[in-house]
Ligand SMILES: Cc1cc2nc3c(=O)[nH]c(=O)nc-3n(C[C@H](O)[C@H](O)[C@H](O)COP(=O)(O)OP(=O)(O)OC[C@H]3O[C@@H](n4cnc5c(N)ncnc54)[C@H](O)[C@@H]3O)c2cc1C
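For reference, the chain that follows is the form predicted alone, supplied as structure tokens.
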């Protein structure tokens, strides 16, 4: 096998396409992980604990770029910290129950340092495919200096996650609107919108919190609610709603737990349909389990809606130069529009394979808990629709599976071992 690799590398050394100073090829002794967010860090740490080396490729210049570069300042974890920790390292005890954005980034940086994780930054993967003739994945990246690198590896772990690219809706007249329109990935604080009328499109956790932040900075926000939505208190009966739900599910069926959550929510929050927030037919847990749609955990926005500080509006019919026409016929002027329309996977744009990932939404075709493994050494982490807890579970499964292959093939001195493990000179 070593002779075969040397022969390939010798031929490539005289390949004019590879002799270009801006083109490089790297043979990786272990898996390549695409993405240095929480999911990528988790699987790298799990592999490190099993003495399996890996290489992380990250298109940005930092770990957790979504958290560091594309989230608003007031963001906190929506779930208690014990449900958001990565494998082998809890949050510091002095952190609050719901750590801030800055505290979460600090935790991730300390996590990477503890496990010796050093991603290769500013390398955007633009193409990856499995070369069946040699049994390796070819992962091509482009750096900001226009340097092209091809990584050759036996295992490829996709950790770009569910939030790789912003979703921008196609609203009629969007190019006619003269005032600023920006996605929440470019929103930091309501300080820039003091005294302005702002329309927030999207009623998920981000849309609700952006509206609250705008209110706190003396802006006048309106919230577009196009679909039904479950709004739950962040805490119930002195416990986090999520933690209480997980405990109840150990003893009772999901539909019964949903009824309990809705009953307590009605007692604490009232009838949200009177505020223009109609609830879905399915309960919050059942809906999350079937579609991945997360209920909104209220942190104060509902009180602002009840007090009239935030107006609820239906779907948008069209945009004009300075006005927005809604589907109910109402027309209003706005100084800016914030699109809290979420994110999507970008896997179909760069990963060329047909079996594991759907071309429609970029998610594994097999639902949780079976979507973490494909064929030919392909894995996925961070696509569970179960948050950080789901990503950690998949990271452990992937590391265990790769360790089994690594150890079994090493014992039999197979092609995998000969091409990936350091060889003795004796």
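It should be emphasised that the depicted structure is a prediction, and the values quoted were computed from it without experimental measurement. Numbering follows the first chain given and starts at 1.
This protein has a second form, the form predicted in complex with the named molecule, left out of what is shown; the following refers to that one.
Decide yes or no: are 115, 156 and 361 jointly within 4.5 Å of the named molecule in the model of the complex, with each residue judged by its heavy atoms? Spot residues vs the named molecule: no contact at all.
Using a 4.5 Å heavy atom cut-off, indicate which stretch of 367-375, 396-404, 23-31, 61-69 touches the named molecule in the model of the complex. Correct option: 61-69.
Scan 212, 77, 231, 181 and let me know which has any heavy atom within 4.5 Å of the named molecule in the model of the complex. Looking at the other structure, the residue within range turns out to be 77.
Let me know the one among 252, 326, 186, 343 whose heavy atoms come within 4.5 Å of the named molecule in the model of the complex, would you? Looking at the other structure, the residue within range turns out to be 343.
May I ask you to state whether residue 216 is within 4.5 Å of the named molecule in the model of the complex, using heavy atom distances? Output for residue 216 is no: heavy atoms all beyond 4.5 Å of the named molecule.
Using a 4.5 Å heavy atom cut-off, state whether residue 161 contacts the named molecule in the model of the complex. Residue 161: yes, in contact with the named molecule in the model of the complex.
Residue 52: heavy atom within 4.5 Å of the named molecule in the model of the complex? No, residue 52 sits far enough from the named molecule in the model of the complex that none of its heavy atoms falls within 4.5 Å.
Using a 4.5 Å heavy atom cut-off, state whether residue 388 contacts the named molecule in the model of the complex. Residue 388 belongs to the contact set for the named molecule.
For the stretch 33-54, which residues lie within 4.5 Å of the named molecule in the model of the complex by non-hydrogen atom distance? Residues within 4.5 Å: 34, 35, 36, 37, 38, 39, 40.
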